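One chain comes next, on its own, written out as structure tokens in the form predicted on its own.
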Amino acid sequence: MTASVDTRYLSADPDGITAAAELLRAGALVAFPTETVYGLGGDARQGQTVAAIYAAKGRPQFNPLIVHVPDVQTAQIYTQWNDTADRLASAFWPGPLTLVLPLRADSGLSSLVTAGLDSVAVRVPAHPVAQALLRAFGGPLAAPSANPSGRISPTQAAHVADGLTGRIAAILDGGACPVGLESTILGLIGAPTLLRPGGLPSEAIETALAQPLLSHSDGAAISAPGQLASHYAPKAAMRLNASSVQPGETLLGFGPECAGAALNLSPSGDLTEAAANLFDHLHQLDATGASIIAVAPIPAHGLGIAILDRLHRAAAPRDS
């Protein structure tokens, strides 16, 4: 573990964004809001800075990072762009979609960003604070979720502070993240392949492309972020698809039939609301000291697919 540093809190105003950009140019790490979750940003061109991201998170270096850029033109600097990427970017960028494309030989990105692969994950975030920071910084930001590796992703600045205070230079506070789930990751090396469900439903991508997506096999080699079997985990154990609550369990509900739940992802059964609330509710239940979280059934369509992906990984066996 690196030595403890004083973590600054910055407001998402022009002065705060300027200060954050100056820290990033100096090689420091800054957490910032996106529409999905808070990202832990560092200069994607500087190997020492990218190594510090892995160290701060305790993240295995075989797990690649997403590079955040302000626009399509910048994404094309680092990738071997193609027509499919152009169609998807026109439809969904800025937004919660990450594209994995062949890496340009002259990209200038640190090899740690790609975990040594010949591809790179890139996205254009829609959050106005992320956009302002990227333009003020003037370069690509490697930015995994701003939390200790394997733990619950952060959707508020307080979540970042709980996990990374003393490990990073600053937290740029832009309020709660409106989507609340990490981006959907689509591989475009060969036929379009869903590598990770996320904040953009796969059905919308299939409609835009007028073709079905291939699926990543859980047993395949890691080719994008968010593919570890155990990930997004609270301290509590979890039991999914719970139609009733057993002694010692705390219920995380979904829908109007879960009126007695400790917390409800969406009392009305709205999957968009549930996605936005998922990680914050897991943080809140962890704070109560719950030992077992029983999660009510979630519909397996639209954003429900991404919610279930996060829940299955959160409930998977873990080392600690």
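Numbering starts at 1 and runs along the sequence shown. All of these numbers come straight from a predicted model, not from anything done at the bench.
From this point on, the text means the form predicted in complex with a small molecule, which you will not see here.
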I need to confirm a contact call. Of L134, V100, L172, L109, which residue comes within 4.5 Å of the small molecule in the predicted bound form, counting heavy atoms only?
V100
Residue (of V160, A130, I185, L200) lying close to the small molecule in the predicted bound form, criterion heavy atoms within 4.5 Å:
I185
Using a 4.5 angstroms cut-off on non-hydrogen atoms, would I152 count as touching the small molecule in the predicted bound form?
no
Mark P125 yes when one of its heavy atoms lies within 4.5 Å of a heavy atom of the small molecule in the predicted bound form, and no otherwise.
no
Can any non-hydrogen atom of C177 be found within 4.5 angstroms of the small molecule in the predicted bound form?
no
Indicate whether the small molecule has at least one heavy atom within 4.5 Å of a heavy atom of N277 in the predicted bound form.
no
Counting heavy atoms only and using a 4.5 Å cut-off, do A121, P144 and R196 all touch the small molecule in the predicted bound form?
yes
If contact means a heavy atom within 4.5 Å, which one of 136-144, 163-171, 77-85, 204-212 is the stretch that engages the small molecule in the predicted bound form?
136-144
Cα-Cα shift for I171 and R310, closer or farther in the predicted bound form, minimum 3 Å:
farther
Between T114 and R310, do the C-alpha atoms lie closer or farther in the predicted bound form than in the shown form, with a difference of 3 angstroms or more?
closer
